[in-house]
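In structure tokens, one chain follows: the form predicted on its own.
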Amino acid sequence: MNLPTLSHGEFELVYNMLSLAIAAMFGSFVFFVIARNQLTHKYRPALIMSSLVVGIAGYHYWRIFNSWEAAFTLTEGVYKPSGTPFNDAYRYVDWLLTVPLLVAELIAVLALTREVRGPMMGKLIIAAVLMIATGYPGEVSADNTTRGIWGFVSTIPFAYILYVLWVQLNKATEDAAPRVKKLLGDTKLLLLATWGFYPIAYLMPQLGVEAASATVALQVGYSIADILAKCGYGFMIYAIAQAKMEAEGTSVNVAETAEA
């Protein structure tokens, strides 16, 4: 990507947001690894997926952070491109791995029957991969028409994911406890709100947002969206698991005693 000249404040804002994302991802990773022991075995796979999501994201944010630092040099009070490319493609590599896991962990924590869980999870994972894979050609294109075409194509699997989450998943959880339904609804809204930023960011060139403003807005916006969509989402998954255990009247100690 062509890098603009940034003021000291603009560079530091992105620098600090990337640093915050790293801390949030690795901090969440530690919590999810420890917290999985507070769940019965039925719900632990979902939190293991949450751990994988933030662990993978934390690694990629570390690489993005290093690439951002290397891509600029401080000259006469402003940050100018150093000549070292800024590799923002780390984000798409990250999304290609983490987005399928995000939809899979939501299905896993609901502990649906195998007949329902298997096909639904398979469809969502395929749609998530297609959404990311078809969005990348437009992201790296400098032509707005090409960008728009690929953006439209990637919106199709995105719309399908929303359909499955809002229609099919609601049907599959009609008998869930009220608190579980409330948390599930809040989690889906969190996904919609955070994932909704990405199409907006994708359209920034067509909306006339360019140069330093676009670069800073993208990096800061992506960082905030990823923290909410990965860390915040993982905490919601943990809350759903706890609510389901409460509705079932089970605890870790009771489950382990029964298994023994």
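None of the values given here were measured: they were computed from a predicted structure. The first residue of the shown sequence is 1; numbering continues from there.
In what follows, reference is made to the form predicted in complex with a small molecule, a form of this protein that is not presented.
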item	value
Heavy atom distance at most 4.5 Å to the small molecule in the predicted complex, all of S28, P45 and M49	no
In the predicted complex, the residue from A127, V164, L110, L102 that sits within 4.5 Å of the small molecule by heavy atoms	L102
Stretch from 71-79, 117-125, 92-100, 180-188 whose residues place a heavy atom within 4.5 Å of the small molecule in the predicted complex	92-100
4.5 Å heavy atom contact, G232 to the small molecule in the predicted complex	no
Touches the small molecule in the predicted complex: Q168 (any heavy atom, 4.5 Å)	no
Partner proximity in the predicted complex: F86 to the small molecule, non-hydrogen atom cutoff 4.5 Å	no
Heavy atom of G221 within 4.5 Å of the small molecule in the predicted complex	no
